[in-house]
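This document opens with one chain alone, in structure tokens, the form predicted on its own.
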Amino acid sequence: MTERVQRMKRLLLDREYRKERSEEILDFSGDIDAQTDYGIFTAYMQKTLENEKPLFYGDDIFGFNRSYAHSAICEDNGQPCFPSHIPCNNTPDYSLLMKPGLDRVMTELRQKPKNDFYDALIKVLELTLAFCDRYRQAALESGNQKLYDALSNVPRNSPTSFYEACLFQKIIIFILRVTKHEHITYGRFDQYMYPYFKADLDRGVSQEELFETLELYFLSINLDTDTYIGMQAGDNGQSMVLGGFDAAGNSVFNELSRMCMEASLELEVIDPKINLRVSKRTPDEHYRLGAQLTKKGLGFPQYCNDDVVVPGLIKLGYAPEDAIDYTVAACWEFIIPGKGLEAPNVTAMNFPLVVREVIDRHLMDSPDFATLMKHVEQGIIDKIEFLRARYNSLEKLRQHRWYRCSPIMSLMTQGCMESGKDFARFGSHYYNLGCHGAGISTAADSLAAVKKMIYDDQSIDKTTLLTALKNNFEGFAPLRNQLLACPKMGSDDDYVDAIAGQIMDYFAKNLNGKPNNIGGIWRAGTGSAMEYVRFGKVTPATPDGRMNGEPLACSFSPTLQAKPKGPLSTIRSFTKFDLSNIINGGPLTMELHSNVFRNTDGEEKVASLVKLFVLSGGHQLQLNTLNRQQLLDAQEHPEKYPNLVVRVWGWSGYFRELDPEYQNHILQRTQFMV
């Protein structure tokens, strides 16, 4: 780590620089005289950029930092105007702007028919360039010669170096953020940035200089993370995908891929959140490099298995050349960069609630477990149809932030400039909707307990169980202990794992491929995002021994009530299914005690564990390295741990910045760490 990088890291982590940003909330309500969505968008963008001031911190060679800590307000009759409802959770094709440069793109646009769409695209580029000109002058006045020189070329023209390419992208990200685009990811950074990286190497730029540039860039994208809208601080969507394989099965993991992982390893900051594409052909050294990151406790890399994901996407109708180019959305959902406006987490299925409702209604009239499972299947079908109807209205989706027009995203979506259609208005290729599958293990454990206690062992009667559930186990402590002792997912027990397979099969076969009325289809997944807490609050006691209001399992993982035998049994439990059939995304999440790495062979063991998961047919995996005593101390003395990082669901954040309910859930997950 060079001295310059060390200074920038200290500046980032002491957080004092944030005081230079204004806490004022700009209010443009009533100031925007525009009638169309495009007019409102460009007017809002113009007013926002007019108020933003060039802001540099220390040795920052990238700039384009937010000078306002909060987004501007724009309301009409008390309701948010268009800029408050912008498409998010997407990955643009940055190369559509970076390769030609903005001047050339604008020249092409001016040859198009004159209409609101093309006028808006031109206006966005004009406003961006005007702001960059202001930044260039400010860089000169502040003595930031490197930035000044680079802004003499980009973003008007194509980058001539890796540094200029990173700066170009930082500008785009800045424009997206100030126009309220949230959770816009970096996609396959090591692929589209590699030509600039390789060109520098070929002309004699040293590895050390390139590494410093990359580390400074990574630090620069951390400067404004607290201003991004998310469920919690850190949930900002700044994910990045590295590696993968081409159609011929050749690895595309390159020198830049490795350097990105090494930079994250050295910097130990929450962004970018690394996702590593792997397969049965992945070299062991890549797993070992991933294990080194896991050892740091950053909660990434998250692993995505090409052997499962690519076939799964093709099953859903994605073109093979698109499926092989997949990336992930802000957390884990699989999407295609620059090819669509997909809402991969538009809604979610609460499996434990469905199971509880079925038990309440049908346990008494189900003579055997097979009959009860038929009711479970129908309950899942009914919930699917309810959710589909809720989001299958085009007008309703237009009101949703995913489906409002966006000229800036249209510039980076393949086909929009040619067709003259906004990427949110049928100018892109894929318009698929994803449904999370929350609490799969809670639901499976609950049904396994009913099967064992009611039907197989006949150790309790139906009325007793229903009464205990209704009363949240009050007065039924011995019964609850019996239920807690029933088979649980995570212990490689076919008794419960087979039930989980049935649940996922019901979900996938009744949702996957169903039309969504906006030109796309529905996709089923195993994720939960924040629903593991939110759904837990509205789900009454369940037969697995979970009490009313307690959280569900985080994504695709054992419940808090389970006591897995170890990591191998957990992996076996969660890879017994054809996960290519439920491929919206949602990782197996496992907590590792930091003691796993106390011996020199710890990294090797974790690398082997990940490889086993991949070879077993797992689709996604994330590992969280934790120390329970340290977390407890951090709750009591947060000032001692300002930069303690944890994995929350599909993202990593600083522990002290999380709400207590999320801190407590992470602590609960440590009780049964492997």
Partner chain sequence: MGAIFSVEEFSTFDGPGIRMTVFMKGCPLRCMWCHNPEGQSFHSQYVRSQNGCLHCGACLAAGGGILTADSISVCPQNLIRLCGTEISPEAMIQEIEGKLWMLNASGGGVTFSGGEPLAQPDFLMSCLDMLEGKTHRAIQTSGFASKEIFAEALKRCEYVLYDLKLMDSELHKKYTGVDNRCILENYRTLATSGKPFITRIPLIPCVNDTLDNITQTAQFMSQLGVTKVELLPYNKAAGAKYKMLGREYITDFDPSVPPQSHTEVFEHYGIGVKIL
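What you are looking at is a predicted structure, and each value in this text was computed from that prediction instead of being measured. Residue numbers count along the first chain shown, from 1.
Omitted from view is the form predicted together with the partner chain, to which the following refers.
- In the predicted bound form, the partner chain stays beyond 4.5 Å of every heavy atom belonging to residue 51.
- Put simply, residue 630 is far from the partner chain in the predicted bound form: not one heavy atom of it is within 4.5 Å.
- The partner chain in the predicted bound form comes within 4.5 Å of a heavy atom belonging to residue 567.
- Taking non-hydrogen atoms only, residue 307 never approaches the partner chain to within 4.5 angstroms in the predicted bound form.
- The partner is not drawn, yet in the predicted bound form one stretch among 428 to 436, 114 to 122, 477 to 485, 337 to 345 has residues with heavy atoms inside 4.5 Å of the partner chain: 477 to 485.
- Residue in contact with the partner chain in the predicted bound form (any heavy atom within 4.5 Å), chosen from 612, 43, 26, 644: 612.
- Of the residues 562, 291, 151, 592, just one reaches the partner chain in the predicted bound form with a heavy atom at 4.5 Å or closer; this is 592.
- Taking the partner chain as positioned in the predicted bound form, the residues of 572 to 603 that bring a heavy atom within 4.5 Å of it are, in sequence order, 572, 592, 595, 596, 598, 599, 601.
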